[in-house]
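Take a look at the structure tokens below, where one protein chain is shown in two forms, each on its own, as structure 1 and structure 2.
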Structure 1
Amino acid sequence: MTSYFIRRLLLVIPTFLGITLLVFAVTRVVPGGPIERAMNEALLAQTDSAQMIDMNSVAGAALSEDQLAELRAYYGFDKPWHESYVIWLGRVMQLDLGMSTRYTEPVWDIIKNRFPISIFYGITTLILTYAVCIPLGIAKALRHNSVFDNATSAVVFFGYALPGYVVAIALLTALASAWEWFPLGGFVSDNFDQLSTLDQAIDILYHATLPLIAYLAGSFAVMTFMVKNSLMDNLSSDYVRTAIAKGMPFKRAVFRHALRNSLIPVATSFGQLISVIISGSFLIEKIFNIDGFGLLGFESLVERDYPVVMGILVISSLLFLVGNILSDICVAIVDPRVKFGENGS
């Protein structure tokens, strides 16, 4: 099995190359990159007209050939895309993600600044998901088809059917705008630095409540039903019946025998959560104006800040790929029956 995981780990390399190559190529092949942006800005400064301009024919006039060449060299557009990909990759190997074209700061510094916010949301979501879903799933399985089961199903199902961003918009409209119970967005208040530590914590929670609900709405359903269904499967299996027939109290049979086996599918999702910590949802971050990883990616995409886009891609895809493998390792650890790589799985 070790060899299987080593093989999986080695396969991360071609996949990673494939992903970055593809996105890199897309950023190069499509027009409207940073050069066109700079040309347009130069042109707008000259003519002061805000009309849409045919970028290639007209805009060239605003900048001289020399300036253009200079710009191309600055953004690394002076070479064919495959050459610049190799150069870019070489830099990434040396842990250098390049400079942001928008902020003229190292990409890594920009990304690093967003980490605390994203990690805060990621970890809180993770803890809350497990803390709520596992007990809820157990309770629902034990009281299957009761009023409690059906009522919670209805609520959980609501979150499952709606995408997070719709939940976010609904919450924002109702609770933040109409009733003003919660702030309209942001991570902390403007006067955050002047608050005492306790108030700072309250302030963060106050701002985080609505986004957290939006994040959790979708993940609750999947996890809760996963726990519930697998526990119910196990409760009806022979070994639980045997245990009870031999005189074991029902509670003990549930928690000692059935529950252990039902948590195996939960472990499957564990590895993937490592990437959830980072990626977040840029829709939710945009709606609540949270300066996390997702919003950074979205903004840099809009602003054609391709080094930042690629930097985020590198980090998130590596985490995602490693997370997949971690998932499998988790499963192999908790379930000794699972043998990877021996029957072609």
Structure 2
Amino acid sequence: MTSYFIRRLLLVIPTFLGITLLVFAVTRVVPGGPIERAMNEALLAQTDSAQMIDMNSVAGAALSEDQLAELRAYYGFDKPWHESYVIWLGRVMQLDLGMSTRYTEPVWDIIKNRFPISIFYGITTLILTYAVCIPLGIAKALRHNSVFDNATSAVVFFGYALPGYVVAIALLTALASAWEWFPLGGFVSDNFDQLSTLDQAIDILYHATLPLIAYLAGSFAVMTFMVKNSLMDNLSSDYVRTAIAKGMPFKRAVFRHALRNSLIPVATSFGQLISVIISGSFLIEKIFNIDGFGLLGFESLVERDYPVVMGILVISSLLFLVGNILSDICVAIVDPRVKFGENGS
């Protein structure tokens, strides 16, 4: 097993290089980069007009060739893309993600400021999803086709049918705007620093209630029915029927034998959720005015802030690749039949 995980760790390197190389190459060919934005700002400042103009035909009217050459050198567009990629990769190896073209701040500082918010919502959503869906899936499997099963299925499917941002808008309109039970947005109150530790925790939960409901609305269905269907399949297996036929109590057969095998699909997806922890949803973050990772990534793409885009890609891709390895570890822990030999099987 040790050799298998060593090979998986070594496979992270070429996979990471392939992902970043592809995205880096795309950022060099799409229009509307930082140079075009600088040209647009210079032109608008000169003409005092917000009308869209072809930058390539009138660039000389706002910026000279020397200024354009200086901008290309500053942003690294004066070299071939593959040469720029090698330079960028060398900086990443030194934990330098570059300078944001939009905020004119180090990319790592910008990303680091979003970590607490994204990690809070991501981990809380993950814990609540597992804490609710696994017991609910077990209860639905043991009471299949009962009133409880049908009623909870209707509620779960209703939440799954509504996109998270629709739930967010409905909650914000009803509970925050109309009835004023919750704040309209933000992560904390304006006087957060003046509160005690307990009041700060309450304030965070007070602001996080509606966004968490919106995050959880669509994730319940998949996990709940994954647990239910997997447990029902194992309950109908020969080894469970044999254990019951030999006199083992039904509850013991369920929780000691069937349940552990039923959690294998859950364990498989656990590691892959690591990257989702910080990704968030830019629509929900936009609706609730949460300055998190998802909104930062979306705005960076819109504004063509390529250093921030690449910085987010570095972190999310590494988390995803490491998460795949964690999935294998979780499966090996839950399923004792899994053995990773020298051939990787």
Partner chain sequence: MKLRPQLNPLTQRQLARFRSLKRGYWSAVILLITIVLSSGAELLVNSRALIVSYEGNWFFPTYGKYLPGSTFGLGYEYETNFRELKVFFERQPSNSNWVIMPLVPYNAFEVDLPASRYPPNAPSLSEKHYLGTDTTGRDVLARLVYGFRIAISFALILLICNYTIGVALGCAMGFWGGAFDLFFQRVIEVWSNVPFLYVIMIIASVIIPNFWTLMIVMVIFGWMSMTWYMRTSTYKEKTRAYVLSARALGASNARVIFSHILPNSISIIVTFVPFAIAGGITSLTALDYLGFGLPPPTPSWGELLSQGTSQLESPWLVTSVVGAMVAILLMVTYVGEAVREAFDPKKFTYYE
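Every residue number counts along structure 1's sequence, beginning with 1. Predicted model only: the values in this text are computed from it and were never measured. Think of the rigid core as the biggest set of C-alphas that the two forms share within 1.5 Å after superposition.
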Index of the chain form predicted together with the partner chain, chosen from the pair: 1
C-alpha of residue 287 off by 2 Å or more between structure 1 and structure 2 on rigid core: no
Residue 323: CA movement between structure 1 and structure 2 [superposed on rigid core, Å]: 2.7
